Structure formats: C-alpha cells, structure tokens
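We begin with a single chain expressed as structure tokens, specifically the form predicted alone.
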Amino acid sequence: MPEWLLKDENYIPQSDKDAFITKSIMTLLGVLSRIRAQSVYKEKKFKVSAALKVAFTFVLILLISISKSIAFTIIINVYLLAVLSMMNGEEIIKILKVSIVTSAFTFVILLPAAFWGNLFSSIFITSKVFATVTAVNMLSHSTRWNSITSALKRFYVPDIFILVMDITIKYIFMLGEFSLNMFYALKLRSVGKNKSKYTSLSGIAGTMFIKSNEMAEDMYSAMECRGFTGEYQVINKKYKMTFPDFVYIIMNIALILIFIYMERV
C-alpha cells in the first residue's frame, strides 16, 4: 500500500481576514432591512393621510430653505424632535444618526467660513440641514413607498418621475438580495488563505451588471406584454378626513403663520 494512503489528512486551514466581506454583508443587510421596514404597522400608528404628509413635508422644506430667521429654524427643529419622540425607539436612533452625521459633515465643510467670521451662517445652515434631513427621514420611516407614489400621482407629478423612483427602489431591493447571496457564497468558499478574494469583487460587479441588464430587459418585455404605457392610475376612493388629519393640518398651518410672522419681524 502506498505510504501517502497511510498518512492522516488533518487539514488545518490558515487563518484569513474577511472584514471587508463582513462589512459589505452588514451594509447590504442594513439597506434591505430599511426597505423591508416599510410595513403595515406604520400606517396604523401614523393615521395621517400620506398625501397630507407628502404635501406638508414639501412645504416645510420650502419654508426652511427660504427662511432668514434662525428663530423659525429652531422652532421647526423643536417641532420635529417632538414629533420624532412619538416614534419607535429604533426609528428614532436611525433618523437621528443620519441627521446628526449629515449636519456634522455640513458643519465641517463650512468650518473655513466660520474661521473667517461667519460662524452664525455656518450654524444657521447646519440647523437647516438637520431640520430638512429629519423631516424627509420621518416621512420615509412613517409612510409606505406605495403610499408616497400614490400621493405624488395625486399632486400631478410626472409619471416618468414616479416610474424612475418606483423602479429604482425595487431594483435596489432585488439586486441587493442578489449581491448579498453572492457575498455569502464568496465568504463560504474562501477557505484558508484566499489571496484572490479582493480580485473576485470585480467578478461580482460584472455579474451584477449582467444581471441588472437581464432584469431590465425582462421587465420591459413584461410591461410591453401587459400593455403598460407608462401611466400610473390612482383609484379614486372617497376619503374622509380623520381627527389626526385635522390636528396635522392645524399644526402645519400654525407653522406657516409663524413663518410669515417671523419673516415680517
């Protein structure tokens, strides 16, 4: 019998670092979980109409942008934080993380202006960025995507804009799941010291491009077969104003009146 058949085959693979793959997987899981988080319980908790939320969020962002009063911006931030406090704890943390990071980045960019004597303007713009990002994130976390697209259609937003936004969100989710499975496969097959681990990322990117191209062609064929002409139709249902809707309208009208008063003072 050959000698090599009598030897023990206790293979011990060399240790390797896979922090990049793990971080990529965690990032993809975070993005996918945010998209999945658009669940039904938010509609039950926040009973305000999606059309009202979209409309007044746009108005609020417009008022913040054109406002010249820092007192009005402070009032808006207090109002947003008060509304934010009624949301889920996990959502509060996610929203504040994005808002604080974005505001900090804005302040860092404006540091040269602050050193040249424009500290007030730097703080003013940073507070505006914080309010704007918080308002948009609150709308995103409290309203389902299909409700937002329906509200945009009711406000006569062009169909091409709604189509691009709707398809982009769905493609991010589908391609995210596909790339997540590929990262899992790469991690499972990287046994021992894999020196070509980073070079395989180009293969993942190429496969993703081919897959997205195939999905685009399949989607176009499906839309063509089903007679989709690029127009979104909204079912007209009789909507009755609820008590939360009246409260939401009154609060936003009060903010508009405060804006008018602050700008005149």
Partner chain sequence: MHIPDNYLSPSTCAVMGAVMVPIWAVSVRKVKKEISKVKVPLLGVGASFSFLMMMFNVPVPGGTTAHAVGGTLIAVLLGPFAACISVTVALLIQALLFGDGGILSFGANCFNMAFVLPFLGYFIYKFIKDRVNSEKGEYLALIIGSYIGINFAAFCAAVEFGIQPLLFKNAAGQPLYSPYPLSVSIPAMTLPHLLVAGVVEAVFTVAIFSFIKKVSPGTIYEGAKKKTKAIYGLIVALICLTPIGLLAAGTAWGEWGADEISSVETGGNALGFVPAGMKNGFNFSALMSDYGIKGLPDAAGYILSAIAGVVILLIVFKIIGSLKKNKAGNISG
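Just so it is clear, the structure is predicted and the values come from calculations on it, not from any experiment. Here the rigid core means the biggest group of C-alpha atoms that line up within 1.5 Å when the two forms are laid on top of each other. Positions refer to the first chain, counted from 1.
There is another form of this protein, the form predicted together with the partner chain, and it is not shown here; the text below is about that form.
Contact check for residue 204: a heavy atom falls within 4.5 Å of the partner chain in the predicted bound form.
Although the partner is absent here, residue 101 sits far enough away that none of its heavy atoms falls within 4.5 Å of the partner chain in the predicted bound form. The shortest heavy atom separation between residue 148 and the partner chain in the predicted bound form is within 4.5 Å. In the predicted bound form, the partner chain lies within 4.5 Å of some heavy atom of residue 66. Residues are counted as partner-facing when one of their heavy atoms sits within 4.5 Å of the partner chain in the predicted bound form; in 203-220 these are 203, 204, 205, 206, 207, 208, 209, 210, 212, 213, 216, 217, 219, 220, in sequence order. Once both forms are fitted on their core, a CA shift of 2 Å or more is seen for residue 183 between the shown form and the other one.
For residue 58, the Cα coordinates differ by under 2 angstroms between the shown form and the other one after the core has been superposed.
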